[in-house]
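Just one chain follows, in the form predicted on its own, and it is written as structure tokens.
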Amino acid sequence: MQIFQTDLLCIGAGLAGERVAIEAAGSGFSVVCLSLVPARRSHSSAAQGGMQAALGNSAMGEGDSPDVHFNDTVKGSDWGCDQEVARIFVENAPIAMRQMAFWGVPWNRVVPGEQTYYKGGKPFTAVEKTENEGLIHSRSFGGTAKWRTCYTSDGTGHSVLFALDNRAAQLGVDIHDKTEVVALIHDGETCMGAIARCLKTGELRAYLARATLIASGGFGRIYRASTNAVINDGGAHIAALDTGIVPIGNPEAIQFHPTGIVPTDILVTEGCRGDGGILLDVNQYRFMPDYEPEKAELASRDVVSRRMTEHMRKGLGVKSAYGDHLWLDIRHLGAHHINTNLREVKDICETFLGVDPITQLVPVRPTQHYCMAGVRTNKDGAVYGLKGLFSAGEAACWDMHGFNRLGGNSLSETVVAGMVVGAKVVEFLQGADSVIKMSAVRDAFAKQQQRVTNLIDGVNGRENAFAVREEMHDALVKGAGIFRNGKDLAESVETLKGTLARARRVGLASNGIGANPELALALKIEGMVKLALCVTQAALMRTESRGAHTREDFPDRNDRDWLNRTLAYWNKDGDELPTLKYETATPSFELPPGERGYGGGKIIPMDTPPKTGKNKA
């Protein structure tokens, strides 16, 4: 058994993972980051639009503050978030953005004088102040009262990830790429690292650590149509769920982004609409103001996705060989703006569609994009159930997003949570004496080695892992899409129970040797189906509509009965369904539940509404 030992093991080397790694390495601790791909190819690099932080530098951001940002975040979450965490986030976001600039992120900067911007397809003029020249600029994003999304054209994730990777290299962070975690090492109380598989040789390794961080991104690839990279299939979530101790928080909270291109589902940034792009139907009519007169295309993502789907259901979508879609129009922004601020969008459209967005409409429709769901942690990033285990970024349910996240908040969260949780990890490492139990290490390694052997030998059967995945995809499409109802969800749950039984009988057609994608999927497929069951069962039980969770048979937001957070546990390996528990959504209310200001819908109020908190906005 090959063993590596370190102070901090980061599962994931994207923005959240590397930011926590930097905090620990900067305090003198050894750090190893495990990554499925080279660190700079992490899915964080695909993020385009920007990072929210209340800097208030631009003319349209004037008067912004952490209080205003807090209000937008809580309303965006449909009051499903932990308001204490949201406050931590908004207060630290400006600090993190300026720190990123210090580390080399080339933020777009304010240019003084009259500037032409677009809103709803129409130009307007804003005067940028001379005294703000050179300060970090911002653009508009959905669900915000002010322009606060800091950006580097439409390559923000790319720029920030490269800057962080440089900083990590300076501090001696060790990156082990092409390495996939298959299990956590624990004794039921303490996490001591992970068992991982080398994707080049197929060999298993043991990574022993005093502290372990899950920062592997979302698990959107349990859906067939997703903007996520193929690596976002929930491997680390599965390892956590398989402990029987660690819960997934709010698994039913899955976000669909309005503008995945058709047919590839690759994302084009919300920055397109933030910069003034509009949505058109089959008649090239701009329909969003009919549904959302005030926010239009810049309502929150759950609302825009829902309105687009409603419009297509009325027969006003554009027919295609790949199903109905709508049009995104950014032509009026002009060649200079698109080539400067939306250049990645242009490259994507030209490369994957053969469409030039300067002169042509872009086919788009809502597609799975983000998991508000994640490994449940407290406000310090410490995972429920296992000492020494932390989580940050999209992998975590921290929980500042609740049932819908605002565009730009999650990319910002990666570095803010990385900074905040990283400091807590350092405190843990400074104050904890760790004991690695080699019996637990040997048991975990032997169990995973036996799993591999059983799959190769077909001990449990010869079900095809790829066919099982397709059945899972079909069930999620039927029950857990943008619109949900009890009948379809119940059918999906029953289907997935059968799919889980099939997943437990998977065997290989190949020999499993070396860089073997069939074995990689076979090791994860049972866990992926378990995640799908967490999503569907939790959605079936939640008899209300909140944020991205929309029940057609329960259209009201029910604060009386459902202002809480779902915790999904998989108690035993042989269970057919997750065990669901619930906890209060937030320990205190700084902003009492109310209207979001967009999206409509009836609200069933709490029996005893909380008093107004300290928020001054």
Partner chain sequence: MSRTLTFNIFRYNPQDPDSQPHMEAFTLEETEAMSLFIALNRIRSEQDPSLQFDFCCRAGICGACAMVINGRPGLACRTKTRDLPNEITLLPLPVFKLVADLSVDTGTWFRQMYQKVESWIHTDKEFDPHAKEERMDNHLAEEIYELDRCIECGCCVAACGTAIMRPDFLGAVALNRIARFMIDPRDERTTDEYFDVVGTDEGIFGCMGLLGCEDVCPKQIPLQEQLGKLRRKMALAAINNKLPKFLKSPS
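Being a predicted model, the structure only gives us computed values, none of them experimental. Positions refer to the first chain, counted from 1.
Although not depicted, the form predicted in complex with its partner chain is the subject of the following passage.
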## Note on the structure
Among E131, E294, E427, E114, just one has a heavy atom within 4.5 Å of its partner chain in the predicted complex, namely E131
### Task
Taking 4.5 Å between heavy atoms as the contact cutoff, choose which of N283, Q170, T453, T359 touches its partner chain in the predicted complex.
Q170
### Query
Is every one of Q48, S159 and F352 in contact with its partner chain in the predicted complex, taking contact as a heavy atom within 4.5 Å?
yes
### Close approach of F483 to its partner chain in the predicted complex, 4.5 Å, heavy atom
no
### Message
My question is simply whether R98 lines the interface with its partner chain in the predicted complex - judged by any non-hydrogen atom within 4.5 Å.
### Response
yes
### Query
Heavy atom to heavy atom, is L580 within 4.5 Å of its partner chain in the predicted complex?
no
### Query
Heavy atoms within 4.5 Å of its partner chain in the predicted complex: does K200 have any?
yes
### Query
Pick from 398-406, 303-311, 175-183, 81-89: which stretch has non-hydrogen atoms within 4.5 Å of its partner chain in the predicted complex?
175-183
### Query
Going by heavy atoms, what in 92-122 lies within 4.5 angstroms of its partner chain in the predicted complex?
I95, R98, Q99, A101, F102, W103, G104, V105, P106, W107, N108, R109, V111
